[in-house]
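One chain follows as structure tokens, the form predicted alone.
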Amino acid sequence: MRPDQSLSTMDPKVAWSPWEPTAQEPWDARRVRHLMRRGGFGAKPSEVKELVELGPAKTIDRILGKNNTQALEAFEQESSQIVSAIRSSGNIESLAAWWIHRMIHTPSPLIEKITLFWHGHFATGADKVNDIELMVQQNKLLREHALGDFRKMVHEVSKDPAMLLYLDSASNRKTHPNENYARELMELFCLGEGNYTEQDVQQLARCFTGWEIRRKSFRFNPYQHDSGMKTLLDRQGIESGEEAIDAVLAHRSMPTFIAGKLVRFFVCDEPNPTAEFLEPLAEVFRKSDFTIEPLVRTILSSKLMLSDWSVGKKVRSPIDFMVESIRSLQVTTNLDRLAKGLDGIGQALFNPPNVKGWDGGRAWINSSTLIGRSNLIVDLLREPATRFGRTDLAAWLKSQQLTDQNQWLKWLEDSLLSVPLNDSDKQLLQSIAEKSDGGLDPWKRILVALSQNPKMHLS
């Protein structure tokens, strides 16, 4: 796949076939970092060499946490202790810091990355739900089903108390059906625009009447349920909410819609692939009985994904930008403060802007958020709790055998950038680093100057 090639000129079967290394496109440190950025949150320096030796298929196994049960169990135990303390404190804002901690330290980064995708897909906001336990419950649900049976996940999300509250489905009564969840289930979660009618929305809303919450759990109230037969998506004789969900999931557009959302998340922000281009992925999804993992594996191991074509085709989200930097630089810092900073540049975990989630792509970047990202790096460097490899930056640089600033810039370029710097970029960075002050030493000023370069924000 040539970097300048249009999707419209590609053979879909070739694009989604497994990538194989060549002399021109070897499986090397650069490609490892590319896969780790897209399928996780960047690579720690200690990981890169090992993953080069493993190859792409085993690297995907590794970021899924395969054959790493002991590390996963220890990590989940630590994570449970943190979230228990947050429950006790009643501070719902600390949930974002807890999830960032998971993203940084997880032995299975692809699981956290796809959980983040589903959080934006089945968008639910803590500001409206206003219950720590329900938001933790939903986050756990999305993680448990992140790569499993999509149909089962949709059924469970539909009965999830946080979702019921967020889209007003918990107050859905037979005398006055609420259409919010019915509309979003078809438009945003399963089918996309143009694949249903207003009558379908009305009929689907009737199916969900009587779905309530009691004691923070789903409860069906038959006295508030419209038990009459409904016609939905040209199917007659549908009575219950469960039957209605099955009818939505059986619609012909569902596999293509989900494949398209995942391609945009993992491969490229633009352009939106056609249904014909997505058909090989939709077929993988169908053949796996709508299990998500084979679809994600096909995308991540494909020629389109691992060729040079996809490099630089995505804008880093605020979370990708910061968590990848933290992992690569082996940083520990004040995560509560970092979570608030991410909110300020457009990505508040547990509080997506609306039911559509985050728009992503070019919407992440404008003059304000670009400055905000650089300021967040400055804040991280000035934060007293910030450490590099559990020490200060000077000691960490020495441990990495980085003895001059040109080496440091090259290391940052290799570790953090998908698109290489040209000579003009490097001269400008050195000039900014030399002129800036702000109480930071020259080594830190280089990192800040790099965060102001547009290439830092491409993945």
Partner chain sequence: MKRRSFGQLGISTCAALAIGTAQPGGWLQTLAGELATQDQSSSVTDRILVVIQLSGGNDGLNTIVPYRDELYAKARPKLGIPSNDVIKLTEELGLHPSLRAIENQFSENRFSIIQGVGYPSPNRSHFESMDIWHSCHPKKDRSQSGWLGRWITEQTAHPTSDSTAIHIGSDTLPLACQERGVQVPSLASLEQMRLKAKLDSMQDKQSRPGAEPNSKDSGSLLDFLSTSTVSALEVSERLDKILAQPDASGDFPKTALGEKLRAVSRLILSGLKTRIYYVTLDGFDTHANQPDVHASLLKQWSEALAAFLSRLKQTGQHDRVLVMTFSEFGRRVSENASLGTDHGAAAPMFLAGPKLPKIIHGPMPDLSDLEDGDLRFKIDFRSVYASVLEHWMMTDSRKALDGDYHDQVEQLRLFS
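All of these numbers come straight from a predicted model, not from anything done at the bench. Numbering follows the first chain given and starts at 1.
In what follows, reference is made to the form predicted together with the partner chain, a form of this protein that is not presented.
Contact annotation: the partner chain lies within 4.5 Å of heavy atoms from the stretch 306 to 314 in the predicted complex, the single such stretch among 82 to 90, 236 to 244, 306 to 314, 277 to 285.
For a residue to qualify, one of its non-hydrogen atoms must sit within 4.5 Å of the partner chain in the predicted complex; none of 154, 249 and 289 qualifies. Site annotation in the predicted complex: the residue of 221, 375, 137, 334 reaching within 4.5 Å of the partner chain with a heavy atom is 375.
This chain lacks the partner; the member of 76, 133, 379, 149 within 4.5 angstroms of the partner chain in the predicted complex by a non-hydrogen atom is 379. Proximity of residue 50 to the partner chain in the predicted complex: non-hydrogen atoms within 4.5 Å are absent; the residue sits far from the partner.
In the predicted complex, residue 71 stays away from the partner chain, with no heavy atom inside 4.5 Å. Remark: residue 168 counts among the residues lining the partner chain in the predicted complex, judged by a heavy atom distance of 4.5 Å or less. Taking the partner from the other structure, the partner chain in the predicted complex has no heavy atom within 4.5 Å of any heavy atom of residue 15. Contacts between 355 to 391 and the partner chain, taken as any heavy atom within 4.5 Å in the predicted complex, involve 355, 356, 359, 362, 363, 365, 366, 367, 368, 370, 371, 374, 375, 378, 379, 382.
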